[in-house]
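Before any questions on how it binds or moves, here is one chain, the form predicted alone, in structure tokens.
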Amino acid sequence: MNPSPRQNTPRANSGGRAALNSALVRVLAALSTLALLTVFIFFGILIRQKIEAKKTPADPLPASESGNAGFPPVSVGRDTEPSSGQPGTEEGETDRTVTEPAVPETAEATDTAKTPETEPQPVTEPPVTEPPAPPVQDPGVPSSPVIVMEAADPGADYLKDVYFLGDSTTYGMMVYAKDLVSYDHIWAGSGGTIDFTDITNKIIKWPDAVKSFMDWEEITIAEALRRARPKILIVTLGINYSPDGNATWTDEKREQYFRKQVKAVYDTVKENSPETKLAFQTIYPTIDDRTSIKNSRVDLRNKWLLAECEALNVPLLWSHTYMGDSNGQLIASYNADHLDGIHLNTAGFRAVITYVRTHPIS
């Protein structure tokens, strides 16, 4: 007998389910393989990006700021120590990247790598400044801190603050420089000169616009200082120095007495007009073959004057060199008309005033 179709149906259904299950298993296996492959590819991309970031760091510092001349600085991740400053090799960087945990490349991670808090800042060296050039000293002038250096001419108004005290080489200003210096700013002795001895008791003529010079009031230097209170006082004394004629005195004793007179002038000014700025001026050179006051003696006195000005820290106008020729003699065209080898004419006094204005007392 032939089997009935109803009896064969369960076996046929059972075979179909087995085939379906087998196909489903194969599909699931394929999907698992695909998912695993996707995961490997994803992590491979991340690792490759990490390696590339290590090889080409963003915005390297200039070599002068990185501390490694010619090498860019090493970028540092969140969990690593800052670079020691030595240039790394590609191989070293790759090895370190493999052992580090993968960090997603985000803007925050990049910024952190650029400026870690522990990264040392470059040291800025202070700018190197050249020392100021020393003032140019006039040729032939001794080097001394008290000697007044040449400066810009402050103009004619500067002389309104300047008074002059001196012997006959100063008195001549009243005649030969009256258009440059006001007569009442010139103090000279009663005979038009002053011997540089016993200076504290010396008498000068107090200027008077109405009377002649011989009729001017005679007062002490101290009294003149108290009356005028000059802003600046320039003293030119010493051409007349009678101890030089005393054969019993040694040069050492002459120097001591000369410097004592300089100190007396200083004390007189400080006691009677303490706000006055005091300055001395060297004795002008002479012409040896026209006078008995030789330049050898003038030079010696100017040396003494410099020594005492340094001791007192008082400014000194070294006009002696300016007024002399190449031989150290008074420039002949500056000598007065009577050619005595000592006194000045208009050209001579104009030279003095030019020197005073270009060597201002500050």
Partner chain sequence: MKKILCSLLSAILLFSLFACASASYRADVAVKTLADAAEPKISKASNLANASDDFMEFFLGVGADKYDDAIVRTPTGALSIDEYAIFRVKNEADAAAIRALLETYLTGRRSSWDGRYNASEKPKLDNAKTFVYGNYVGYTILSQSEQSAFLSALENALKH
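What you are looking at is a predicted structure, and each value in this text was computed from that prediction instead of being measured. Positions refer to the first chain, counted from 1.
We do not show the form predicted together with its partner chain, though everything after this point is about it.
With the partner omitted from this view, the residue of M323, L312, I293, L316 that lies near its partner chain in the predicted complex is I293 [heavy atom within 4.5 Å].
Between its partner chain and the residues K253, R227, K160, K211, the one pair within 4.5 Å by heavy atoms in the predicted complex involves K253. Proximity of W216 to its partner chain in the predicted complex falls outside the 4.5 Å heavy atom cutoff.
Shown alone here, H185 lies farther than 4.5 Å from its partner chain in the predicted complex, counting heavy atoms only.
At the 4.5 Å threshold, heavy atoms of D198 reach its partner chain in the predicted complex. Within this chain, N246 lines the site of its partner chain in the predicted complex, having a heavy atom no more than 4.5 Å away.
Looking at 151 to 159, 254 to 262, 177 to 185, 275 to 283, the stretch with residues near its partner chain in the predicted complex, meaning non-hydrogen atoms within 4.5 angstroms, turns out to be 254 to 262.
Along 334 to 362, a non-hydrogen atom within 4.5 Å of its partner chain in the predicted complex is carried by I342, H343, in order along the sequence.
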